[in-house]
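In the block that follows, a single chain appears as structure tokens, in the form predicted alone.
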């Protein structure tokens, strides 16, 4: 397994090579898409990308937790968490190792 990470710059470069926009326009397009996704998630909407997966925000209730070191009970406050559920196609591609 490699330690490579796909970055915004890599996405911009892929758009530049495959779509033919300028590098600046490609970077703006990637930023715009990510901003739209972020805005939708902040608003509590679900972001569903066909053949990729679904991003959603879940509301977690407050609960009692335990400090594993001391055993002391501590309250965990309610919070919103981001979750991602990959599509079956994505799960299959990752499991098969196909690019």
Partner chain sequence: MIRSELIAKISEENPHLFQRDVEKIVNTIFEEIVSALARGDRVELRGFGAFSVKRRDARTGRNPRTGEAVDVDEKHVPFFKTGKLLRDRLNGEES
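Computed from a predicted model, the values in this text were never measured in an experiment. Residue numbers count along the first chain shown, from 1.
One more form of this protein should be noted, the form predicted together with its partner chain, which is absent from this view; the next part is about it.
J.: Since only the chain is shown here, I'm wondering whether residue 50 would be in contact with its partner chain in the predicted bound form (any heavy atom pair within 4.5 Å).
T.: Yes, residue 50 is a contact residue.
J.: Does the 4.5 Å heavy atom contact test between residue 36 and its partner chain in the predicted bound form come out positive?
T.: Looking in the predicted bound form, residue contacts with its partner chain include residue 36, since a heavy atom lies within 4.5 Å.
J.: Is residue 74 close enough to touch its partner chain in the predicted bound form, meaning at least one heavy atom pair within 4.5 Å?
T.: Contact check for residue 74: no, nothing within 4.5 Å of its partner chain in the predicted bound form.
J.: Just to confirm, residue 80 within 4.5 Å of its partner chain in the predicted bound form by heavy atoms?
T.: It does: once its partner chain is placed as it appears in the predicted bound form, residue 80 has a heavy atom within 4.5 Å of it.
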